[in-house]
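Single chain ahead, written as structure tokens, the form predicted alone.
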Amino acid sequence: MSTYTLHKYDSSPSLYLHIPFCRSKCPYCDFYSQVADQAQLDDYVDLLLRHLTWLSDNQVFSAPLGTVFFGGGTPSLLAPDQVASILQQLQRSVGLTGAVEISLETNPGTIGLACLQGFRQAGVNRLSFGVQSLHDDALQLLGRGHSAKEAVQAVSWARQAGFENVGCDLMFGLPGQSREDLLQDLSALLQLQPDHLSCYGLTVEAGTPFEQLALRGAMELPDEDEFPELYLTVHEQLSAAGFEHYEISNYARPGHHCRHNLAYWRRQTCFAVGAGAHSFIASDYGTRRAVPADLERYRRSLELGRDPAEILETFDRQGAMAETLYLGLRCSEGVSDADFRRWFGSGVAEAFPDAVRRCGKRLVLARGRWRFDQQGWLLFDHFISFFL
């Protein structure tokens, strides 16, 4: 039996809460969410509290939580007192570390200053705003429910409410977007002085309205020559502004890396509650579980006192090695060859000699850690496929 665990980072477990509700569905989004009224949202909070009680009663929680993340969907549709009730229950049942990071994804069009003050008072200490763009025509294309002006105002209110860790999401590679358009978006975002930026190239996901547009030829994304230029433009501009490019799509000012997401990439234990939520338990070679994206099934399971989650995958040694590299090589910290050898009994080059050879100079071993360079990140899906 393997003794593979991720206590090497001396980090407490994490918790993800999925809030599968939005005011409207963005045409590019394939996450589980639906439009709901306030009564449905209130009822869902009761289900989350019941799920947390089940985890506590069945001794699933292993230690005080180091990060808590409200994701969705649109978690900012929750009222501050609902967020407070969830965090209070967590404090009573499992505990929160003194330096806990509590993040809440926020749609700029759903909040005001009083709401943000309420979230801060409830215990939230990190906000992630789904800005996506500061061009109104791009926001309309993306189906966002806010304007550029509202996004700027929301970030200003966050600072007034006392938040010292504020992130923004940016989408690039939009139909018809030029490098100059992207530079304007980056300049406008930097004027907001965020602490963290998540920058994602737009992709067409199966089953979304954008897929239908693409299939009809009504939407054209940047080609294989244009996209790299946009990606490197983001890297160059944000690096010059003092941001650390610490993961393929994520940038942070020093000391503001998203600890919750780092827990994912390091394969640390992350519990999860809510319909559509995914968890990972870092014991043996690791187990991934998921709550099916079905609200009625979620309710029935909890009413019957059953675990609403199902096992997705129990990893063997080979699978754990591959996923360790798939996740770790996304990050600038890379993968320690000594740690890899300690966990699995061989170094990376011994376990995957052909894959390392095929990556060539894009994958380097420096100071004992394996890392991709920028070109390796740009072609990450291609190079990482050699390990999978």
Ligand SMILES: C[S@@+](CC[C@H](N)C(=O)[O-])C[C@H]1O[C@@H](n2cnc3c(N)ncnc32)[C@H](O)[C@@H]1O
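One-based numbering along the sequence shown. Fair warning: this is a prediction, and the values are worked out from it, not measured in the lab.
One more form of this protein exists, namely the form predicted in complex with the ligand; it is left out here, but the text below deals with it.
In the model of the complex, Met171 approaches the ligand with a heavy atom inside 4.5 Å. Interface residue remark: Ile281 is not counted as part of the site for the ligand in the model of the complex, having no heavy atom within 4.5 Å. Mapping the unseen interface onto this chain, Tyr28 counts among the residues with a heavy atom inside 4.5 Å of the ligand in the model of the complex. Contact annotation: Gly73 falls within 4.5 Å of the ligand in the model of the complex, judged by heavy atom distances.
Residues Glu105, Gln132 and Thr203 are all found to lie within 4.5 Å of the ligand in the model of the complex, as judged by heavy atom distances. None of 289-297, 237-245, 265-273, 107-115 except one has non-hydrogen atoms within 4.5 angstroms of the ligand in the model of the complex; the exception is 107-115. Interface residue among Arg144, Arg126, His196, His260 relative to the ligand in the model of the complex, by the heavy atom within 4.5 Å criterion: Arg144.
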